[in-house]
Ligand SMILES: C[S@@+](CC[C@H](N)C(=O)[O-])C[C@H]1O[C@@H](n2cnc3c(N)ncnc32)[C@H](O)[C@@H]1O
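In the block that follows, a single chain appears as structure tokens, in the form predicted alone.
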């Protein structure tokens, strides 16, 4: 709890938005990621590998925008910084741990921008379209917090997949709660009922292993990469 409190205080002091609710949510995610490092490892490796695969398909590598950069666990930050002239990381909040990770790179081509991404992606055109736009496990989070989740999902997919850039979508689409016998005891769609686009890759992500959210169940998300 002490670490979480210190992280919250530091984030509140450095955030341009300074909204306690947003910061508390990000600190909670940071804390869970620390506890579940082993369970989350395969998911993070899959995410980073898919982003690198997308970069390999590009001819021009001038600029990349990462939407929902979060804890910087799901994007290969050093690889992007070496591959592009400009890397812009967007999220509601960038915690001190993420800021420190960027500083440790020792490169001046990486920029952190705190922004609410639920209002569309038109802002990406302000400095010219990026060559690659990565939506990193953002979509379900925006849907979760929206009064009309299906509309948010449709809008984000239309903007991301229809823009003048190569899109890279990584999102969880649903989850299952399983008991120790492997039986599914609950499920939930995470995209507001909207069908996801066809995936190039898909995998399971154990977001809450046994003992994290409940002693006798685990929560497993289905993730697609497009």
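Numbering follows the first chain given and starts at 1. Note that this is a predicted model, so its numbers are computed, not measured.
The following text describes the form predicted together with the ligand, which does not appear among the structures shown.
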74, 117 and 142: each with a heavy atom within 4.5 Å of the ligand in the predicted bound form? yes
Check whether residue 131 has any heavy atom within 4.5 Å of a heavy atom of the ligand in the predicted bound form, and answer yes or no. no
Classify residue 70 as contacting or not contacting the ligand in the predicted bound form by the rule of any non-hydrogen atom within 4.5 angstroms, answering yes or no. yes
Can you tell me whether residue 92 touches the ligand? I mean in the predicted bound form, with a 4.5 angstroms heavy atom cut-off. yes
Looking at the partner-bound form in the predicted bound form, is residue 153 within 4.5 Å of the ligand by any heavy atom? no
Heavy atom within 4.5 Å of the ligand in the predicted bound form: which of 138, 80, 121, 110 fits that? Just give me the one. 138
I need the one stretch from 193 to 201, 62 to 70, 176 to 184, 154 to 162 whose residues put non-hydrogen atoms within 4.5 angstroms of the ligand in the predicted bound form. 62 to 70
Could you pull out the residues of 180 to 197 that have any heavy atom within 4.5 Å of the ligand in the predicted bound form? none
